[in-house]
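In C-alpha cells, one chain follows: the form predicted alone.
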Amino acid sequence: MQESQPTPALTGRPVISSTGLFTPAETITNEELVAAFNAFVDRHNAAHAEAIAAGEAEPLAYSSVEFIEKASGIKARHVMSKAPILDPDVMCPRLPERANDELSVMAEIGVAAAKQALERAGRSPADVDAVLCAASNMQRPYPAMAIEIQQALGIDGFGFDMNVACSSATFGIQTAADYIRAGNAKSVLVVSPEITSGHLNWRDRDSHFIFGDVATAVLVEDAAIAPAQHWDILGTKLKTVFSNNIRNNFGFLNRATPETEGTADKLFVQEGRKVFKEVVPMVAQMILDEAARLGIDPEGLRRLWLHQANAGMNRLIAHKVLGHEANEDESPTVLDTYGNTSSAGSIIAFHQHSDDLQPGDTGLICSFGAGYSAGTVFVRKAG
C-alpha cells in the first residue's frame, strides 16, 4: 500500500498586483448594427415572400436601437472585424487564417493585455511562473493558447487553457491564488482574450447586439513580492449549476458556419428570461453567503465590479447585496461601450474603475454566466 503524503503547508498569500486591457480599434454602434440587421431582414423577407404570404413561414422582425438598449443597456461594442459583421451578405467576423508559424490572433491580443499588466506592476516575463488562458471560446483545441502566449512573452514556466464561459477569469484568479497559497508559483498571469463576436449569431434579433471583443490580463502574485499598490485577495468562491439555458454546441464533431442551414445551436443561444430569473437570486445569495463567511459587511463594500452582461441583472444583484439602489460609483458599468465581453467584463470594470479607491477599501469582482457558473473574488486595497 502506498503511504499517504503529508499535505504541504500553505506558503503564500495571493494578491492582485495589476491588470491589463487590450481594446480593438473598431467599434460598432447600435445605429450601425440595426441598419445592417434590418437590411438583412428586408432581404430575407423578400426572398421568402411567397411562403410568408401563404402562412408557411413567419417574417423576420426589425431590430431597433430602443429595443437593444431596453433589453441590455448596450450602446456599442468593440470588434476585431467590423466590415464583414455589418455586411448583410456575411454578418459574421472574417479574420484571415494565419500560418502555424505566425502568432495567432487570440494570442496576439492576450499578449497585448499581459504586457500592460506586467508593465503596470513593474514586472518582466522572467518574474512570471505560469500563464492561464481563461476564456469562453478557444481559437483551437491545441496547442494550448496559454502556451502560445507564454512562448510569445518569453516566460519560463507552464501554461494551460481553461473555459468556464463568462466566469473563466474569476475561476482563473482562484486557480492562480491556489497555486500561490500552495507554494507552486509566486507570480501567475490570468489572460482572457475574448473574441466573442465569433460565436454570436448576428442574424438573431434577440441576441445580435450582445457581444464584443476584448482581452484582459490579471497578475496574481505572492504578497511578499507584490508592488506596494496591490489588492489583497480576501477570499474567493466558485459555484456551478448545470443549465441548458445558455448553450453553444459548436465543436470538432459538428463543424458548421452561420450560413449553413440548421446551425443556430452551433453559435450562442440562450433563454434570456429564464437566465435572468434563475441567475440573479443564485448570484446574490452566493455573494451574501461568502461575505458572511469572510466576516465582511456586504453593505460596506465600496465597489462592485460585476459581470457585464445585462444592466438589469447587475442593478438587481447590486441592490440585493448593498441593500439599496447602487449608483454608478458603487457599481460601475462598461457594458454600454464594450457590450458583453464574457469573462473579461468584470475585469474591464475593475481595470478602469479601481485606481480611485483608498487603502482599506473593500470590493467585489463577480462573474456569472453559462454553465451556470459564478465566481466571486473579494478584495481590499493595500496601502
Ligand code: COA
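In this text, residue numbers run from 1 along the sequence as written. Keep in mind that what you see is a predicted model, and the values were worked out from it rather than measured.
One more form of this protein, predicted in complex with coenzyme A (COA), exists but is not displayed; see below.
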Item to check | Contact of residue 64 with coenzyme A (COA) in the predicted complex (heavy atom, 4.5 Å) | outcome: yes
Checklist entry - Is residue 340 close enough to touch coenzyme A (COA) in the predicted complex, meaning at least one heavy atom pair within 4.5 Å? => result yes
Next on the checklist: At 4.5 Å between heavy atoms, is residue 231 in contact with coenzyme A (COA) in the predicted complex?
Outcome noted: no
Next on the checklist: Taking any heavy atom pair closer than or equal to 4.5 Å as contact, tell me whether residue 276 reaches coenzyme A (COA) in the predicted complex.
Outcome noted: yes
Checklist entry - Pick from 75, 205, 302, 98: which residue has any heavy atom within 4.5 angstroms of coenzyme A (COA) in the predicted complex? => result 205
Item to check | Of 286, 92, 246, 267, the one that lies within 4.5 Å of coenzyme A (COA) in the predicted complex (heavy atoms) | outcome: 246
Checklist entry - Thinking of coenzyme A (COA) in the predicted complex, which stretch from 78-86, 309-317, 287-295, 170-178 has heavy atoms inside 4.5 Å of it? => result 309-317
Next on the checklist: If you apply a 4.5 angstroms heavy atom cut-off, which residues in 135-170 are near coenzyme A (COA) in the predicted complex?
Outcome noted: 166
